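Given as structure tokens, the chain that follows is alone and in the form predicted alone.
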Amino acid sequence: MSHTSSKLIAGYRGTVDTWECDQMKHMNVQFYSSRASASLAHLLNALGLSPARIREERRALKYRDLRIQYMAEMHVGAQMYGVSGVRAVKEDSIQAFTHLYNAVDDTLSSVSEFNLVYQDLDNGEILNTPLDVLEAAKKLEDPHEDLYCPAPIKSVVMAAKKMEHMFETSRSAVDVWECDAFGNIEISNIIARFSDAASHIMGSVGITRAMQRERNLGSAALDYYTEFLRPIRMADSLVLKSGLLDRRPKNFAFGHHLINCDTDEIVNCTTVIGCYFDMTARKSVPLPPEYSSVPDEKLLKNQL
């Protein structure tokens, strides 16, 4: 590990298990998020928010928004490590990040950039960050200009408003094993729902799994931007509605609304950019022609 700045917090070290890899033969996006969550927990502890304190006070720093980029594939048996840091301490939030690396050669595999707000874990109310947490964050504050920071997302961004041409891609309830120690859904289990939705969206375009196999095509997420609008708690009933947001010569963009079935509120709003790639060469290829047949008026970007 070459990233040894005193202002970086080591948060994860491990390997990629067989059951964490999908049909594309690389680690699935949800498991990147589980490792980033582990790293974030170590950062929170360094800021004075220990698990015991969070359990007692029922308050913690939570994602307000999250940007994830996937930079390089990780395969079965790959060794990984993660570090987190604070880029900026703001009046109402803390801007921070987690980088996940291939431990063999320090290749950057995934980047998570996010803004944290201090939140009541039971009702979602955003509160003033405690002074001791702010002071600890300021001691770690560093723009880390030597580390990669994503440019603005290259897509229109999904909005948290009801739209036409979205359809149901998942219906579920939040199980106890999907939650963190404080009763809120763990981010990896939100990302898992989006991952599952991808096949349904591709199917709506006319791409089946059989067609992908015949054409030796894989698909991969490249970029996520997600906003956390309401708490998602154990036993909440959820429906995911999705649609094709945009298309470009080599990329697609999906839009997702995760909705609480009891309140009909959009609790999470997410934009996903992805691509297709040759399964043998592991290189991206042009978007399949089926995407061109989708009428322009059905692209969600036209409602933004």
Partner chain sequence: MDRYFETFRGHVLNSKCDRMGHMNIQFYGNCISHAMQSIFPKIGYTAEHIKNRSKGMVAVEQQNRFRGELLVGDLMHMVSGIAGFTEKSITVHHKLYNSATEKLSYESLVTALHFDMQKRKVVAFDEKTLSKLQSLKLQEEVSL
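On a predicted model such as this, the values are computed, not experimentally measured, just so you know. Numbering follows the first chain given and starts at 1.
There is another form of this protein, the form predicted together with its partner chain, and it is not shown here; the text below is about that form.
- The listed set Ala38, Cys275, Met279, Ile259 contains one residue whose heavy atoms approach its partner chain in the model of the complex to within 4.5 Å, identified as Ala38.
- Checking Glu113, Glu186, Asp223, Asp142 against its partner chain in the model of the complex, a heavy atom within 4.5 Å turns up for just one residue: Glu186.
- Annotated contact segment (heavy atom within 4.5 Å of its partner chain in the model of the complex): 177-185, selected among 191-199, 215-223, 177-185, 126-134.
- Contact annotation: Glu290 falls outside 4.5 Å of its partner chain in the model of the complex, judged by heavy atom distances.
- Residue contact with its partner chain in the model of the complex: Thr15 places a heavy atom within 4.5 Å of it.
- Although the partner is absent here, Gly203 lies well away from its partner chain in the model of the complex, with no heavy atom inside 4.5 Å.
- Interface residue remark: Thr263 is not counted as part of the site for its partner chain in the model of the complex, having no heavy atom within 4.5 Å.
- Shown here without its partner chain, the chain has Ala41, His42, Asn45, Pro51, Arg55 in 40-72 lying with a heavy atom within 4.5 Å of that partner in the model of the complex.
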